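Encoded as structure tokens, the following chain is the form predicted alone, with no partner shown.
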Amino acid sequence: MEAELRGKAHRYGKNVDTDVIIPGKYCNIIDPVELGKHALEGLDPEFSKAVRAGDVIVAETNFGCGSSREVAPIAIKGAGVSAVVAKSFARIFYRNALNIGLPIFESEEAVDGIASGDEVTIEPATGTIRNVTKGTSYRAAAFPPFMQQLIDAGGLQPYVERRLAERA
């Protein structure tokens, strides 16, 4: 997995659902980058203008709740977001995020200690989250090696394709 993720924090509240992560009228878009232009449009119309490659979404509890919209994490990743840190995730969003290679981290302390605009670094292999702006450090569960490989590959499909090619 990448040694370190680094970006500015974009802070959101509780129960950010998949309908506001990517409104339904955009769910027919196939290109992740084009989809990313509409990420969080239902919650924060300025997000797509403010986000930069590597930035991090920080949110309260139950991030990604609502429908099982697979395009929600694709839109976030397509917008250039390198990771999502939340107090908790909806189960289906958690699985969908990992399936497309979007690293997500649960850490109540990190969420409580990070404000919008703070510079954040994350070491996925150790689960260390640092708020560079405030000089504080937090812990999230590190991904086991298999999950790190899955995320490094860009998600489940590229991981399986690579594994099959290795066996051919």
Partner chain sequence: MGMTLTEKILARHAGLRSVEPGQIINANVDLVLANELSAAVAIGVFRSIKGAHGVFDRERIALVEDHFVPAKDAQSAKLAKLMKDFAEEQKITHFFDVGRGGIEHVVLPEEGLVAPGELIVGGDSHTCTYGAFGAFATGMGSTDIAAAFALGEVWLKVPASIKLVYNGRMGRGVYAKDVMLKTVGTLGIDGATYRAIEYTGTMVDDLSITGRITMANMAIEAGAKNGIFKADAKTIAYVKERTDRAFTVEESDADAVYERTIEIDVDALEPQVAFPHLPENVHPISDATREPLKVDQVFIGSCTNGYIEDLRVVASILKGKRIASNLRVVVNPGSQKVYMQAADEGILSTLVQAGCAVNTPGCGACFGGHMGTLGDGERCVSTTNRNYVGRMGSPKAEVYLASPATCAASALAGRIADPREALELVGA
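Numbering follows the first chain given and starts at 1. Model, not experiment: these values are computed from the prediction. Under this definition, the rigid core comprises the largest set of C-alpha atoms superposing within 1.5 Å between the forms.
This next part talks about the form predicted together with the partner chain, which is not shown.
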| query | finding |
| --- | --- |
| Candidate stretches 22-30, 125-133, 48-56, 109-117, one within 4.5 Å of the partner chain in the predicted complex by heavy atom | 22-30 |
| The partner chain contact at D152 in the predicted complex, heavy atom, 4.5 Å | no |
| Contact test in the predicted complex: I100 vs the partner chain, heavy atoms, 4.5 Å | yes |
| Interface membership of S68, the partner chain in the predicted complex, 4.5 Å heavy atom rule | yes |
| In the predicted complex, S82 touching the partner chain (heavy atom, 4.5 Å) | no |
| Sequence-ordered list of residues in 130-168 near the partner chain in the predicted complex, where near means a heavy atom within 4.5 Å | F146, M147, L150, L156, Q157, Y159, V160, E161, R163, L164, R167 |
| Rigid-core frame, C-alpha of P158, shift of 2 angstroms or more between the shown form and the other one | yes |
| Direction of Cα pair change P144-S88 in the predicted complex, magnitude 3 angstroms or more | closer |
| Distance direction in the predicted complex for the C-alpha atoms of G66 and P144, relative to the displayed form (3 angstroms or more) | closer |
